[in-house]
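Below, in structure tokens: the form predicted on its own, a single chain.
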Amino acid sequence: MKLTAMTAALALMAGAAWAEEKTLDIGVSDALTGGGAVYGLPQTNAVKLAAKEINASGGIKVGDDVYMLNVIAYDDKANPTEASNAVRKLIDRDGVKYILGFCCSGATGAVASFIEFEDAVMLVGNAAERSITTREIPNLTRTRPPADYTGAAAGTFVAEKGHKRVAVLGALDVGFYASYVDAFEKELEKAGGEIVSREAFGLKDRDMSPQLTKIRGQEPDAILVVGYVEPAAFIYRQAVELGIDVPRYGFTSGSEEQFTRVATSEQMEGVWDLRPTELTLLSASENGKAYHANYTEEFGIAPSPSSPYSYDQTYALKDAIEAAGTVEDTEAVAAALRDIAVPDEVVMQYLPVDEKMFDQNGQAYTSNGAFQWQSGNWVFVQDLPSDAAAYSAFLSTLDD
């Protein structure tokens, strides 16, 4: 019997009718309030945006079933206890098997300490503490590279600028900021430079004039600022107010809107941010420009540079579930995550290791970049050294 085009179409429609549409709950544990919300809230929004897009394009296809994503988000306040409670609620009460978000390292580390023993997969976003992916946790992956991977590249860049005496002002009691500075210092010293001062601030501090006055007296030829966006913005503003006229470098990942809530664009002029090559509209890919426009339309505010880490997680999860052919077998999905290529939809500029998005540690890598504030915008200036394969091999030797 000859199969006409109409017959084929009817057969296709009949087959589609047999496909059952189901709902897959995915969880988000992130900082929705408090100091960490500058990173956590945009990440949570990014997961919701990706889920909406995936649903609109037909959902996640597993065999004859089609799954529409439903996002359940809880506020972990960037607090280890709150994060543990949020994830326990997602797993035990809501029956969630896939948990995304995780902007802050302390909260993330607390969950990582027990997630291996759960029937769940943990996808970590912005949290940058190295030890998160040195624990050989098979059901955990992370899209952001560790802080020291970027800190070493930043130290090389600052040394190449000719700086020999660098003062550091940062949230140095936070492990990943301290590891960034340690890696930075190692590369700076190779070039004959030194860190002349390490001054600390708390994440809730806003008056940095005592530390800046001390730094001014040491006559550094550059300042390195590491910390959350708001305190960093106060430092940049107050440095200008105190007449400190040396180049300012940072590791913050904040958007233009976030910084100008505290400092004027003129006070920010010339500041460098040395970080993974995250979203900056003026240098974004086509995916990045579309993400920026869609996020802004959906939430009424521009996305933060680091928010795509969780957006990209969501698409990686989709590809892994479809590759594994199951939503129930989390071990199979976790294994598939370590075997997928970089999804076409991602925003960040990933550097695959052995042609895969995640390495054997569950770690993904982006390029590193030097961004400078110019006339009200973060402008991408140049790539920084980024050897993902070499760092991956190094990471595999650690057991923090």
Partner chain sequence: MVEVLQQIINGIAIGGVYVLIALGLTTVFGILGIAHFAHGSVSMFGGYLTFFFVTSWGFPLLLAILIALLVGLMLGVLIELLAYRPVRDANHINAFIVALGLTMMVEGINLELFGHEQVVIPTDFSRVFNFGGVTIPELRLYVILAAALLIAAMTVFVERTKTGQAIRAVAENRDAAILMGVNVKTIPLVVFAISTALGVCAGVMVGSLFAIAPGIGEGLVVKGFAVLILGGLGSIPGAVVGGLVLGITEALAAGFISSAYKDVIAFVVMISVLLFRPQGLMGKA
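We call the rigid core whatever largest set of C-alpha positions still superposes within 1.5 Å between the two forms. Everything numeric in this text was worked out from a predicted model, so none of it was measured. Positions refer to the first chain, counted from 1.
We do not show the form predicted together with its partner chain, though everything after this point is about it.
Contact with its partner chain in the predicted bound form, defined as a heavy atom within 4.5 Å, is made by none of 121, 123 and 368. Contact check for residue 297: no non-hydrogen atom falls within 4.5 Å of its partner chain in the predicted bound form. When its partner chain is considered in the predicted bound form, residue 38 lines it closely, a heavy atom lying within 4.5 Å. Contact check for residue 213: a heavy atom falls within 4.5 Å of its partner chain in the predicted bound form.
Among heavy atoms of residue 262, some come within 4.5 Å of its partner chain in the predicted bound form.
Of the listed positions (186, 237, 289, 165), a single one reaches within 4.5 angstroms of its partner chain by any non-hydrogen atom in the predicted bound form, namely 237. This chain appears without its partner; in the predicted bound form, the one residue of 280, 156, 258, 139 with a heavy atom within 4.5 Å of its partner chain is 258.
Judged by heavy atoms within 4.5 Å of its partner chain in the predicted bound form, the contact stretch among the candidates 157-165, 241-249, 268-276, 139-147 is 241-249. In the predicted bound form, 199, 200, 204, 205, 206, 207, 209, 210, 211, 213, 214, 216, 217 are the residues of 195-220 with at least one heavy atom within 4.5 Å of its partner chain, listed from first to last. For residue 289, a C-alpha deviation below 2 angstroms is recorded between the shown form and the other one after rigid-core alignment. Residue 228: CA moves 2 Å or more between the shown form and the other one after rigid-core fitting. In this overlay on the rigid core, residue 254 has a C-alpha that sits 2 Å or more away from its partner position between the shown form and the other one.
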